[in-house]
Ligand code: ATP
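Listed next as C-alpha cells is one chain, alone, in the form predicted alone.
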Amino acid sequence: MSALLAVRGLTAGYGSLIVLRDLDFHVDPGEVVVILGANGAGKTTTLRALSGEISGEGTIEFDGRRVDGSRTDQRARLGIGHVPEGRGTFVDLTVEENLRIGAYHRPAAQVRSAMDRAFGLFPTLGERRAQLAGSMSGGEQQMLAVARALMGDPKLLLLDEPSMGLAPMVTAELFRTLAETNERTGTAMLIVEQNAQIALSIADRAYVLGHGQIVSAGTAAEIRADDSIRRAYLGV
C-alpha cells in the first residue's frame, strides 16, 4: 500500500531559524499518527510546513503527487485539512457560517450533505447551528474547528494540540469523536498533542520529535512500552 503522505528530508523554520532538520515520515491511508515531543521540538512547525503555511526544503508527496512548493489553498483542494493550534474559529459568525467557510472549494450541491455528516458526528453543533461561535465553550469551539475542516472532505486531517485548554472530560469526548470520525469516514489523521496518553490511545503509530529531529518511531503500543518515552512524555 502506498503512503497517503510521504515526507523526505523536510527542513523548515522561520527566516534564518531552522526548526526542523531532515525529517522522514509517512502516513498511510486511513491511519492515525501522533507526533509527540516537548515544547519547542518542532511539532507545530511540522504541521505548518505540511499545510503550506511555511516553506521548506525536502519532498512532500500527498496522494501520489508532489505538493511541496504549492500554496495552502491548493493543498486543501487536494485533500489536506488543517485544524490549527488555537482553533481559528470565526467567533462573530454562526456555527453554520463557520462550516460553510470550511466547504468553500466544494460544489454547492455537496455542502448540504457535508453539513449533515458534520452534525451527525457532532450533534451539539446541529443544535446550535444558528449560535455565534464565540459564545460557545472551548470544547464546543474545538469540535466546530474539527467539523469545519471535515467540511472540505479531506483525505488527511492535521490537528495541532486539539486538547489545549480543555477540561479532561471534554478532551476525552473530543478524542472519542476523532476515533469515531476516523472509523466512519476513513479520514487519515496526523495529530500533534501534548496529552500523549490520550493521543496514543487512538493512534496506530507515533513519531517523537526532539530538537527538530525524529528521535523515536513505532506503533502506539511500542511507544507506550518504551521506558524512556514513558518517563519523558507520558508521566509514568
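Since we're looking at a predicted model, the values are computed, not measured. Numbering starts at 1 and follows the sequence shown.
The next section is about a form of this same protein that is not shown, the form predicted together with this ligand.
Query raised in the report: Looking at Leu174, Ala41, Val27, Val208, which is the one with a non-hydrogen atom within 4.5 Å of this ligand in the model of the complex?
Result: Partner contact (heavy atom, 4.5 Å) among the options: Ala41.
Query - this ligand contact at Glu140 in the model of the complex, heavy atom, 4.5 Å - result: Glu140: no, not in contact with this ligand in the model of the complex.
Query - this ligand contact at Val19 in the model of the complex, heavy atom, 4.5 Å - result: Yes - in the model of the complex, heavy atoms of Val19 and this ligand come within 4.5 Å of each other.
Query raised in the report: How about Gln194: is it within 4.5 Å of this ligand in the model of the complex, going by heavy atoms?
Result: Heavy-atom contact with this ligand at 4.5 Å: present for Gln194.
Query - Any non-hydrogen atom of Glu85 within 4.5 angstroms of this ligand in the model of the complex - result: So Glu85 counts as contacting this ligand.
Requested in this report: Check, residue by residue, if Arg117, Phe119 and Thr181 all come within 4.5 Å of this ligand in the model of the complex, counting heavy atoms only.
Outcome: Zero of three within 4.5 Å in the model of the complex.
Query raised in the report: Which among 195 to 203, 41 to 49, 64 to 72, 165 to 173 is in contact with this ligand in the model of the complex, heavy atoms within 4.5 angstroms?
Result: In short, 41 to 49.
Query - Any residue of 153 to 168 that, in the model of the complex, places a heavy atom within 4.5 Å of this ligand - result: Only a single residue, Glu161, comes within 4.5 Å of the partner.
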